[in-house]
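Coming up is one lone chain in structure tokens, specifically the form predicted on its own.
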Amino acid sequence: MLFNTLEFARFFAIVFAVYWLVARWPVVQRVVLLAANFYFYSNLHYSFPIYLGAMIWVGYLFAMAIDGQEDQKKRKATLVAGICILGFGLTYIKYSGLILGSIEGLSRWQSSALGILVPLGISYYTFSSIGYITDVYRKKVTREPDFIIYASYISFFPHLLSGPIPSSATILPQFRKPKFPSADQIEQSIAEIGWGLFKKMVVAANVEKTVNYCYAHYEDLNGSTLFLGVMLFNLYLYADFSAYSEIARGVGRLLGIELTQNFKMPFFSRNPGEFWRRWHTSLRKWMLDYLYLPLGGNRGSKFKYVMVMLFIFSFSGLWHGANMTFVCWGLLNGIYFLPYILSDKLTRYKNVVAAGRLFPTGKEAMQLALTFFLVTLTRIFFRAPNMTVVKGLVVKIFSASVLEAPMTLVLQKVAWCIPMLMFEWVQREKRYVLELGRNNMALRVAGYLVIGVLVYELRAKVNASEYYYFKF
């Protein structure tokens, strides 16, 4: 059941109506939400709720055990055991092929050989569970005694498949007493859902096949076409993934839950550090809280700092997939930080680029272009199925053929992304992209209608394609 389908629209309309009709009975309301979560997940495959239910019970029971233990050593041992059990499920299902497949005599025990289906979203709810029991151990949050509330938090269908990864400190408490959204919140939700549908159904859906063509036929295409194809994938990935996150935020808010803003216009970043503070922010926050800081962060020598950064990005690569291409993708992103770290010039920008101005300065424009170029290069590894394809793409892109004229079709598809980027640039200082004239209702309604018409008229013929990040 995809967000960009009539099936989901009907499902959500029913859930929304029933959920708020029974709001005067909190227990019933929670049961309705939990039932909706599991129905949504079972609609993808009948076996998926089994994995999800197991993860929920493990996290709930270990949090109870940690909370009830006063001896610090035993608390820590319980935490480690919980992380190992939760992590084993994810590791075995997703990575047993890599770990056991090459070991003689053990290959028959890999999950693929046993016919075990990888549940969609397993990484997200596993990370949510690990984060929760760790926060209980650290006494950062109070253990949730109500199983239905905890289960609803982990399985909340808007963020279940592709995030954002919910923070137990900020998101979990909202499930205890969700509030009916105000008129402003309803409008913001409609605007975010609309913009998400535009990015998914108009931008991402219309360029996806061209991206696939470039990677599949790299041997026959020149360097300029392939570079544009990789750049197009970079834009496609953003449009597709951020679309899911924006729709999830809009849907969640309509159910009284304010989810994390997972994307903060990352292509308007002045260095790799700023890019990663704007891209998939919930994963970055998870790795910051549960890996980066416990490993020491930037404390200590520069050598240790560099090793921590390279480990974090390598871990991020493996999280995306058990493939050397993802490891190289992660390492390359980590290597980008080295010149900044070694020269002590890693500026942590907190303001929006060109704040209060329509155009960036010359220096800012160069910074934006360089960061976009560096990120685009990493997408060669992210999308390629193996290192052979990576090598073929790199050789072509860095050859004299990059100076030849690109394929017109690919150039035309890049043009699909330009209106999205231009509009987001103009709106980069707003709370959300479609925040139009707060005191002008007519302007806002007109804007929403234009987006609705564009989605309907320009949607791809096959508009129910799966979101790219479901595989992670």
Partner chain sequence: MKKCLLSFAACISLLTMGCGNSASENTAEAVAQKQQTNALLAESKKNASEIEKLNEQYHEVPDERMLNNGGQNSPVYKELQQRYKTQLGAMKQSVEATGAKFVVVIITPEVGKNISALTRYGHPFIKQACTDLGVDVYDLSPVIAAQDARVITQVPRDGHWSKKGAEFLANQLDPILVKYAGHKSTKTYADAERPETFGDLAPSYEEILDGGKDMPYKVTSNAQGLRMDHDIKFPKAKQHILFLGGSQFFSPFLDNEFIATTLLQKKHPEMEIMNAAMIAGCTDDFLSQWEEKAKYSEPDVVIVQTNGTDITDLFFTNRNHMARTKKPYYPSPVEEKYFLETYRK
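Please read these numbers as outputs of a predicted model, since none were measured by experiment. Numbering follows the first chain given and starts at 1.
What comes next is about the form predicted in complex with its partner chain, which does not appear here.
Contact check for D220: a heavy atom falls within 4.5 Å of its partner chain in the model of the complex. Proximity of A216 to its partner chain in the model of the complex falls within the 4.5 Å heavy atom cutoff. Using a 4.5 angstroms threshold between heavy atoms, M407 counts as touching its partner chain in the model of the complex.
Interface residue remark: F198 is counted as part of the site for its partner chain in the model of the complex, having a heavy atom within 4.5 Å. Residue-level contacts in the model of the complex: of T134, Q185, T210, S314, one residue has a heavy atom within 4.5 Å of its partner chain, and it is T210.
When you look in the model of the complex, the only residue of L61, V27, M422, V445 with a non-hydrogen atom within 4.5 Å of its partner chain is M422. Remark: of stretches 50 to 58, 422 to 430, 64 to 72, 35 to 43, the one touching its partner chain in the model of the complex is 422 to 430 (heavy atom within 4.5 Å).
Using a 4.5 angstroms heavy atom cutoff to its partner chain in the model of the complex, none of W276, R278 and L332 count as contacting.
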